[in-house]
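The chain below stands alone, shown as structure tokens; this is the form predicted on its own.
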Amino acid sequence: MSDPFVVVGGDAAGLSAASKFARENPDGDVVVFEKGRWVSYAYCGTPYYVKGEVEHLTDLLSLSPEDAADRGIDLRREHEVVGVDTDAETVTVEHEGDRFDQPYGDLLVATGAHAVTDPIPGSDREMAFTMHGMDSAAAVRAALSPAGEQWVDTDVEYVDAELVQQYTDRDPPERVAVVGGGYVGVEMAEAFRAHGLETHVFQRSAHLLPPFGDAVCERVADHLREQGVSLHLNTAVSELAGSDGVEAVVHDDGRVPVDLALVGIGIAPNTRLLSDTPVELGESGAVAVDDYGRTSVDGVYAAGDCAEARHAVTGESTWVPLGLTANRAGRAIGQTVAGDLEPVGDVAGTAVVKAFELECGRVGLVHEDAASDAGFDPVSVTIDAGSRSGYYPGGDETTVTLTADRDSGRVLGGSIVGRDRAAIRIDTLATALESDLTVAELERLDLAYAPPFSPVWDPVLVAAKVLRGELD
């Protein structure tokens, strides 16, 4: 028998690849090694579990170990791959103190990413958390529960019951700090306020959600303040101080007393496993891959948060660690390894985030300086338009920023913010980018109209109409 298709990592990219391979090649063998207990979970749902909108942590599971077995996948949890030998075509695996070598026919590295806490001293204190993984989510929710009350299902085999109990026995916090104003920071601020906690958000730069552009950032900041969140912008955190856990956030202008801190300053790709191999990394530090997820070494693939992808606008390699990117690339690689070449697809950085009542979306090159760096001559407009016909109730002002190249008229990117179905409208711009549409072609799209859903001129079309005038 030939050696199996070996997958390192049992989350979005890894199990998508394994599932597709097993379906397309039922006679083939696929082995998935996952160093933890949790597999195939919805990381993006963890803030809503902490908030309480998702009742059970297991509700976030997409594929159980039993489901994986039913699909013909040899899933081995609590098996950590600690080495790769691309010459011998083996991986070294540790499990319960034992070590063994597993040969592979093809190898997929889907090791994901890890939360960054450096360079903030005190990030390892008790009551200092990140939100990268299911155990993190369980610990934070346990920390918010009244002492002695159990808000986390510890009878589920995946849950680290000892970790949960450690925080369940403590008094819950009254004041919390969120360090970092990106996706996780904004979503966790909403979660903490839902529990009635005094919430402070610290952001090194002048804006929350920087990739979304100034128009979105300004509306989100105003809205968070309306919701009772204290914003500390242009404020670099120098330490999480305390003797027994976290007691204060220290910054250049002083200190803010808190009982809990959530650090969400970014993530970095998990590539250390490949450090002693000839597999090449890209400029971002993630694994460099081609259009089919293949690395610089034959038979070795990479996908998900540890791998780069090609940008739909610039054509250059980039690192965009998002859920769809991981699932789509993993599925494509599974099909390719099964014998039918399938490209992993380009990425445009399409992203949405909920900030209390506001919906935010972004895609492509939103900032003019980024577009200029990519060799374009950018022109941008920002407009406000109603989300529904003016006479129909329930509408809200929707703000759209649209950026295009002056010479070609090509749409380069955009952002959207509003309360009424604003985020989903970003998909129109994502489609325009993937299709290389010009502003004029975007303006001529036959988008749906009915008073409950949209005005005659959808806000995206209004932005295209105004920007076309600027280009002309």
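Each residue number is its position in the shown sequence, starting from 1. Note that the structure is a prediction, hence the values are computed from the model and not measured.
Same protein, other form: the form predicted together with another copy of the chain, not shown, and the subject of what follows.
The candidate site formed by Tyr104, Ala268 and Ala302 is entirely out of contact with another copy of the chain in the predicted bound form, as no residue has a non-hydrogen atom within 4.5 angstroms of it. None of Glu247, Glu89, Glu308, Glu342 but one reaches within 4.5 angstroms of another copy of the chain in the predicted bound form through a heavy atom, and that residue is Glu342. Checked against another copy of the chain in the predicted bound form, the residues Ala236, Val352, Ala194, Ala241 give one hit for a heavy atom within 4.5 Å, which is Val352. Contact annotation: Arg421 falls within 4.5 Å of another copy of the chain in the predicted bound form, judged by heavy atom distances. Another copy of the chain in the predicted bound form is not approached by Ser40, whose heavy atoms all lie more than 4.5 angstroms from it. Of the heavy atoms in Gly83, none are within 4.5 Å of another copy of the chain in the predicted bound form. Proximity of Phe33 to another copy of the chain in the predicted bound form falls outside the 4.5 Å heavy atom cutoff.
Only one of 376 to 384, 69 to 77, 173 to 181, 326 to 334 places residue heavy atoms within 4.5 angstroms of another copy of the chain in the predicted bound form, namely 326 to 334. Contacts between 444 to 472 and another copy of the chain, taken as any heavy atom within 4.5 Å in the predicted bound form, involve Arg444, Leu445, Asp446, Leu447, Ala448, Tyr449, Ala450, Pro451, Pro452, Phe453, Ser454, Val456, Trp457, Asp458, Leu461, Lys465, Arg468.
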